[in-house]
Ligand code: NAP
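A single chain comes next, written as C-alpha cells; it is the form predicted on its own.
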Amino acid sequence: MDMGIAGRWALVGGASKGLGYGCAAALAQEGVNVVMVSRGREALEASAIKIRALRADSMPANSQNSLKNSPEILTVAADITTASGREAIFSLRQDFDIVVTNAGGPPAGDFRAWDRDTWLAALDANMLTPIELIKATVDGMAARGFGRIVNITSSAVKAPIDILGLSNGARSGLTGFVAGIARSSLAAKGVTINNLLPGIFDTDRLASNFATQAAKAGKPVEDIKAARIAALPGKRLGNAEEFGKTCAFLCSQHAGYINGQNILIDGGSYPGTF
C-alpha cells in the first residue's frame, strides 16, 4: 500500500533506538524526510546511517519516483524536553507535516518518595513537551491542509500500574489534552492527533527493567524475561518494526478519519472489552 506521504517532512523524538527508531525507519521507507532527535549523538548518527541503508535497500531498481526514493534523514542531538533542545530542532527546520512525540518514561517507584521536582520533571517530559511540539507545528499543518501528530504514550494510560504513578499521571494529562484539541477546528483542516499506547516491546528500556527485576529477585534475567513472555497472549514481545509500521499508517493519507484516538498495541494483554 502506498501511504501517500512521500516527500512530507517528519519530526521524530527519541529516534536513536527503540520505538522512536522504529517510527523513523518506517516513515523513511515511505519516502518521508525525517528529522531524528535524540540526546546521544553517537547512537543517533549510527541509527541515521542504518535508516539510510534500509531505505536504499528498499528502493526499486528502476524507480522513477525521486521524492519517494531519496528522503532526507537529518539529525539533531538535543534534549527535546528542554526549551533549548526544541530551539535547536526548529532552527534546523520550522515546518513539519508529521510529528511523532516520544520521550523516555519517568522512573518507577513509590509515590511517597516523589517530591514536587520529581513530578514536574515527569510532567515536563511526558505531558508539556508534546504539548509544546503540537503548539509549535499544528497551525502550519492546518494552513497547508495536512498534518499528523502521533504521541507515543503507554499502555499504562489504559491500565495504570501502581509503581508507574509518574507516567500514569503525566501521560494521562496529555491524553486529556489531546482529546480536546484533536476535536477542535483542526480536524476540518486535515490535521489528526492520535496516541499510540505500547505494551511490552523488545527495547533497551525493557531489557533494563528485566535486569532490575532479576537483581531484586536473585534470578537470572533469562528467567524473568521468559516468565513475562509466557504471560503474554501471543507468547512473544512486540518489536519496534511493527510498532513503526502502525505509526506510519496513522501518519498516512489513508488514516485521515482516525482522530483523537488512543490506540493500544499490546498483543492483546489488556483484559477489558473496551
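From 1 onward, residues are counted along the sequence shown. The structure presented is a predicted model; accordingly, all values stated were derived computationally and were not measured.
From this point on, the text means the form predicted together with the named molecule, which you will not see here.
- Among heavy atoms of T75, none comes within 4.5 Å of the named molecule in the model of the complex.
- Within this chain, A103 lines the site of the named molecule in the model of the complex, having a heavy atom no more than 4.5 Å away.
- Under a 4.5 angstroms non-hydrogen atom cutoff, the named molecule in the model of the complex lacks G190 among its neighbouring residues.
- Interface residue remark: L166 is not counted as part of the site for the named molecule in the model of the complex, having no heavy atom within 4.5 Å.
- Figure note: of the listed segments 113 to 121, 174 to 182, 134 to 142, 150 to 158, the one touching the named molecule in the model of the complex, with heavy atoms no more than 4.5 Å away, is 150 to 158.
- Across the proposed site, V32, G256 and Q261 without exception lack any heavy atom within 4.5 Å of the named molecule in the model of the complex.
- Along 27 to 46, residues V37, S38, R39, G40 each place a heavy atom within 4.5 Å of the named molecule in the model of the complex.
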